[in-house]
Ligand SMILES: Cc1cc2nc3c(=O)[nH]c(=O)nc-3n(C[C@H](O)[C@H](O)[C@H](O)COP(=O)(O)O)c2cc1C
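So this first bit is one chain, no partners, the form predicted on its own, shown in structure tokens.
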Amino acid sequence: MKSTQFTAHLGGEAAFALRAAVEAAVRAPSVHNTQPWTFVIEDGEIALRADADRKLTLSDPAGRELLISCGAALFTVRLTLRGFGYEPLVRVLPDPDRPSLVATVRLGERGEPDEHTRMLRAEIERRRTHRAGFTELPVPDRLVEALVLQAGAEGAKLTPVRSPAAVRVLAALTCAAQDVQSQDRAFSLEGIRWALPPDSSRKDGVPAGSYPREAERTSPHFAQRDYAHGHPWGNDNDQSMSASTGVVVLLTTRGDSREDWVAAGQAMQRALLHASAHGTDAAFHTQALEMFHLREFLRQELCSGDYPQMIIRLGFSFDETVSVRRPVAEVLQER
């Protein structure tokens, strides 16, 4: 039976599942919490589109981080539909004449969701981006190995950086890139657009309470984005137990096409939700990847020729910060 017949046969149940998938997708991580996506539900199909108005023109001119963000949203759509008992039928970048169309998803065969699907789906709302150090509690090797497998299932490679020297290199390049970007007025203004002052009513960007006012320095130190820009913003949570770097991992792909970027986003979200299910948080550091020569250096020296898409730290924290998301009505059209 074709997917369109399933939709027609199930009627309201199918429509509910499609809308629920979009409601879940808006919880996906995105660069600076830009939430650079829109959705259309029409004729039993979800169309996921990249919102070019939310692209970071200076730090992400090619739209790599934008498509990684959309890939994370796409995986969330797929996961949610599987949770409702539908096999999602996905086409990634289906129309070269419509480059903003990231993917279409239709409902396929029915089936009972497995335990892992239910586990990941339960983490969609709980997952948070962490912006500080971690506790000294070690991330179990078995969990790291499981995350490697999760990313691999989506066509990307997640590599734990075990060499202390390599971790120092990544930390140094992150700090160098952050220092250079902070001295560039245009870069700073682009970041300020997504930095929210206290009590802001906006539902996108990075809230002032989502990072510590005075974070402990990790060793080696991975620079955080300066969302406060000299203001006394940030939360006052105790950071005395949060000075560990955690486990550093690299998310890479063999190629560097738009399809690879979408795949990286799907792999990232799958791994993040699995990590969240085991109480592990993630911090992102993409500053060095936003500078071509530093990204190319990492590709050649630390990634065996593969293309680095994300630098992530994993660990345990006491983070209970609240994230913000745009209401579904702002990003969804139903026809």
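From 1 onward, residues are counted along the sequence shown. Bear in mind that the values here come from a model prediction, so they are computed numbers and not experimental data.
There is another form of the same protein, the form predicted together with this ligand; it is not shown, and what comes next is about it.
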Identify, from the list 129, 245, 159, 117, the residue with a heavy atom within 4.5 Å of this ligand in the predicted bound form.
129
Could you work out which of 104, 239, 224, 188 is the residue within 4.5 angstroms of this ligand in the predicted bound form, going by heavy atoms?
224
Flag this candidate site as yes only if 23, 273 and 326 all have a heavy atom within 4.5 Å of this ligand in the predicted bound form; otherwise mark no.
no
To test your reading of this chain, name the stretch in 62-70, 273-281, 43-51, 293-301 whose heavy atoms come within 4.5 Å of this ligand in the predicted bound form.
62-70
With the partner left out here, check for me: in the predicted bound form, does some heavy atom of residue 32 sit within 4.5 Å of this ligand?
yes
Distance check, residue 55 to this ligand in the predicted bound form, heavy atom within 4.5 Å:
no
Contact label in the predicted bound form: residue 206 to this ligand, heavy atom within 4.5 Å
yes
Just to confirm, residue 268 within 4.5 Å of this ligand in the predicted bound form by heavy atoms?
yes
Between 262-293 and this ligand in the predicted bound form, list the residues on our side with a heavy atom within 4.5 Å.
268, 284, 285, 286, 287
